[in-house]
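The chain below stands alone and is given in structure tokens; this is the form predicted on its own.
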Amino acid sequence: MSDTSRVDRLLTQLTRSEKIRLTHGAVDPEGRATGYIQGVDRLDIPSLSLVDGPLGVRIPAETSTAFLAPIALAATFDADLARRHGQALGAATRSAGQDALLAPGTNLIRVPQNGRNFEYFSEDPVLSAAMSAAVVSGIEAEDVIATPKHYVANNQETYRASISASIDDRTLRELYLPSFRAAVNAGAGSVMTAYNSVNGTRMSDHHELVSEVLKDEWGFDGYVVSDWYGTEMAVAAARGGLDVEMPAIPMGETAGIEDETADQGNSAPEEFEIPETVARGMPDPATCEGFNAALPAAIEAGELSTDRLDDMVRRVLGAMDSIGLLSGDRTTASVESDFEDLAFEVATRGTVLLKNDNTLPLADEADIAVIGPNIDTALLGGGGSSETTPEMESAPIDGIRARAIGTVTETYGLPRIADLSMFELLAGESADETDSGREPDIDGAVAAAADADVAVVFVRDRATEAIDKDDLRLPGRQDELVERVAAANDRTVVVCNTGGPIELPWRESVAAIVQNWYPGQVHGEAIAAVLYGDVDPGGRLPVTFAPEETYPIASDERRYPGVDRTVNYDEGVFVGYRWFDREEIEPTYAFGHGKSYANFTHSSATVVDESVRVAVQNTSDRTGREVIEAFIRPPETSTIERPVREFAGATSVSIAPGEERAVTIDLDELAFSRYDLEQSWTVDPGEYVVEVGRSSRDIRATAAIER
């Protein structure tokens, strides 16, 4: 907790130029931090180092634990596990000598082909908020400033730096703001604004959403930082509520700081050109106006008050003090520096078994054909600011070979699917789908599959910050590979390593489908443990899987990618499963779907206060993990159109064979509430139905509650 007297005392001692220095970025003299604020030596105010990101600590030329993608963490439906994960992220940040982590990504998954969906949690605001709060709480517990991003409505990468999201207040309040509010309530010391505009106002300048909602209404007392090169009008941003303007470190430049009072880090690199391939999703550094250049004259001219400058500095110093930087009594990191066991646990718990026709788990002695263009490489994540350099890597073929007793045959079938990276594209490198040097050999893969007891095919997508995917199809000829292998072996298992929903045109032809997301550095050992049944796949879908043309954004280009730099959110609150329920469209796999190797029954749902209790029994002969999900149906008497059902909470439990457990799920108030322009948050009177089940389309028990 910050000592306000210490912060106030420093404020009285700082000169105006020193205050302004604390509100903008500079070049890290060590060349390690993503963002850096110079300290003030004469007052013993240290520097503040900010580092990416949501999948682990990213420092150039240094290794760190490459954790799984946040969408996979959300698939665990377990806030306690998410907090432990956040604590590990915080401890890793401390181990790297950094002070603030630019995470978690808390934007809602609205566009299924968004290139950055892997960094986010869910299409549902309650699940997203629960994960966001848990991760923030864990990061801050390690005396590291958490920075949820990108506030708000950064739901696509296409034109993200120039698009304006047109959103009505109800939709904004019910869907897109709850994750950020939960992060603030969990103690986030910072919030990062998005590049995009909302209703015509750039988010870095948005007084209503930054000052009135985030700070005044929610009581946020930390600092608001821009995304890198995200400001265009410095004075408007400062007046709107932005506290720190943060430039990117010029690529390839790690120059030291000779004079701490010098003008540092706010000018764009000379001859900076954004390649056309990524121009749609990148800001233009040449149009970025820095605080250090604009604020002194604005204060002299009375365009920005000294009180506002003091507030900006107070927020930065307060956040620094809250983690012990000003007092010098920063706590020792409480989590061990070896995070591999936790990374393994989260990766297995986040793996979703979509389909299983009695083929999984694999028998130890089974002869396995392991097939796929990237089976010899761990999938660490997508491209962009979340990229990490792993301490170790476990590839799928290595994990399976280490676990198998039977014969393992490996064949690629196709050329390697190339990673896609914003940084490489910015450097002018190719965006080709496949790497050269490996010829396609689908016939060889088919022959290997025909000779094996089971064929396991690994497929993947490509995703990066700054670019959305063209569609939901797998790149290259991977669909063809799966179809031909499945025709040769009716015990074909497909493992999908993707950052979000994909289309599965071959799903009826294969025996099992495992959604493995981006598992990070433990990829191989984690997926082997799931395939062989050493652990039960504990994940459930935090997003709906469906054909691309059935999502709400597919029906109108105004909804995506937008027209004349405006994207209309006129589907309102009907995003994800809410849309499919309203339109009565059967998804490929519903929100919350996921199977176990065990079998469960659900019965006797009872509402107790603000929770629902249900009896769950494991009727199989093996221990399994069940995720019990609760949804709320609004009163039939409601005069306002509302979703058919809204996710209200979940509990993930491991249950022994034959055991019956009484499971309690706390019901989130957001699932009962709606936002009204005149009444603000309101709960319509009437009878609500609490549905308990295994997905939004698989309800096993119900109970009524009067509100």
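From 1 onward, residues are counted along the sequence shown. All figures in this text were calculated on a predicted structure; none of them were measured in a lab.
Although it is not shown, the form predicted together with a small molecule is what the next lines describe.
A.B. asks: Decide if the three candidate residues L102, R160 and W228 all line the small molecule in the predicted bound form, where lining means a heavy atom within 4.5 Å.
C.D. replies: Verified in the predicted bound form; spot residues all in contact, yes.
A.B. asks: Determine which one of 39 to 47, 649 to 657, 52 to 60, 22 to 30 lies within 4.5 Å of the small molecule in the predicted bound form, judging by heavy atom distances; exactly one does.
C.D. replies: So the stretch in question is 52 to 60.
A.B. asks: Using a 4.5 Å cut on heavy atoms, which of H523, H85, R110, K149 is close to the small molecule in the predicted bound form?
C.D. replies: Of H523, H85, R110, K149, the residue with a heavy atom within 4.5 Å of the small molecule in the predicted bound form is K149.
A.B. asks: Please tell me which of M192, V136, V456, A72 lies within 4.5 Å of the small molecule in the predicted bound form, judged by heavy atoms.
C.D. replies: Answer to the contact question: M192.
A.B. asks: Would S385 count as touching the small molecule in the predicted bound form under a 4.5 Å heavy atom rule?
C.D. replies: Contact check for S385: yes, within 4.5 Å of the small molecule in the predicted bound form.
A.B. asks: Is T65 close enough to touch the small molecule in the predicted bound form, meaning at least one heavy atom pair within 4.5 Å?
C.D. replies: T65: no contact with the small molecule in the predicted bound form.
A.B. asks: Against the small molecule in the predicted bound form, would D468 count as a contact residue? Criterion: heavy atoms within 4.5 Å.
C.D. replies: Close contact is absent here: in the predicted bound form, D468 is far from the small molecule, nothing within 4.5 Å, heavy atoms only.
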